[in-house]
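Presented below, as structure tokens, is a lone chain in the form predicted alone.
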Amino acid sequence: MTSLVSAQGVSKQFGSVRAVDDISFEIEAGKILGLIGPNGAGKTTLLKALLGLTDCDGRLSVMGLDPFKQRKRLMQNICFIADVAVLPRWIKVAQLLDYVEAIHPNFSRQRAEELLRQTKIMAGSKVKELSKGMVTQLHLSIIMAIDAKLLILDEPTLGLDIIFRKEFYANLLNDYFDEERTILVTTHQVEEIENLLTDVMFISDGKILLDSPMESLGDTYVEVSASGEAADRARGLGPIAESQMFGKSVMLFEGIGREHLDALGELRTPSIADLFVAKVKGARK
């Protein structure tokens, strides 16, 4: 596979705060990567570096380009949706399409209009007349009409109801994603995107805690639900996290084969949310 993004020893400091702390990773083309982290973890700073909005120490390459020094070339092949779709409130939908068509060489107005016909958004409507969900639909329709190699989504469905959120991700997969494109998404609604991801990365306090293909998680992490003597034996194997549920101990193990745990209780692969909480709490001990 080809690395679309390559980071080696990347750091960014603001005064005494090290927002991104000497991280290295690769993002391959044709992946859907979930970048998961608590508030203040360094996600936004890292995204800004990828988008060329801030410089950084270390080496960072996006599609073979330096995002800070070669941003104009880079942005022809990147699309970005932030947690708030920032569109001029006074502009009409048709005027917005005129503008994007004039400035972006890879924009297909025909494609955008096809996507908008699937919504209730009218060409003559002003942005200020649209609901938040409709503004997001408008933004996504424009983004999906741009032939870009990398799509970066920063909390794209924040504040939307569950129906809009489901439709957003369904449209993204059905109408945009293919093996030639890569999607990087950050969200606190981890459960909603877990089944969409090919890869996941945890970041906390500027450091990467996990960087893994989704299909490999079950080989490394196992949850055991046990009680009584079995729970005591399981605890002796050194779980990285433990909680109580319905009178049983739920323990999360890393790097211990299922054959060593099978006799102790019910096994399952942990959810991304549970694994994330365990890794973050473990890193802060």
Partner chain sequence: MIAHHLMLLKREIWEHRAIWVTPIAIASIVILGTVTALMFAGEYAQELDVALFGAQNVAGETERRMVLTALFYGSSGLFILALAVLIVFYSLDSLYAERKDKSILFWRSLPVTDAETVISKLLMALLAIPTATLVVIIATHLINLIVTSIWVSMKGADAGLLIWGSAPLFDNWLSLVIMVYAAALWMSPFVGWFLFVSAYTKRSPFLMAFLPLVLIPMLEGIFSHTNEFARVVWGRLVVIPLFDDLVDVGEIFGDGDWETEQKMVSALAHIDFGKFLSSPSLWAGIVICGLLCFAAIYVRRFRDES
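Keep in mind the model is a prediction, meaning the values are calculated, not measured. Numbering follows the first chain given and starts at 1.
From this point on, the text means the form predicted together with the partner chain, which you will not see here.
Contact annotation for K69: at least one heavy atom lies within 4.5 Å of the partner chain in the predicted complex.
Among residues of the shown chain, M214 is not one whose heavy atoms approach the partner chain to within 4.5 Å in the predicted complex.
Not displayed here, the partner chain is approached by A82 to within 4.5 Å at the level of heavy atoms in the predicted complex. The partner chain is not shown here, but in the predicted complex it comes within 4.5 Å of a heavy atom of D55. In terms of contact with the partner chain in the predicted complex, the residue from E129, E191, D98, E113 that brings a heavy atom within 4.5 Å is D98. The single contact residue among H139, R165, K207, R181, judged by any heavy atom lying within 4.5 Å of the partner chain in the predicted complex, is H139. Three-residue candidate spot R18, P239 and F276; no residue lies within 4.5 angstroms of the partner chain in the predicted complex by any non-hydrogen atom. You can rule out all but one of 90-98, 173-181, 191-199, 116-124: in the predicted complex, only 90-98 has residues with a heavy atom within 4.5 Å of the partner chain.
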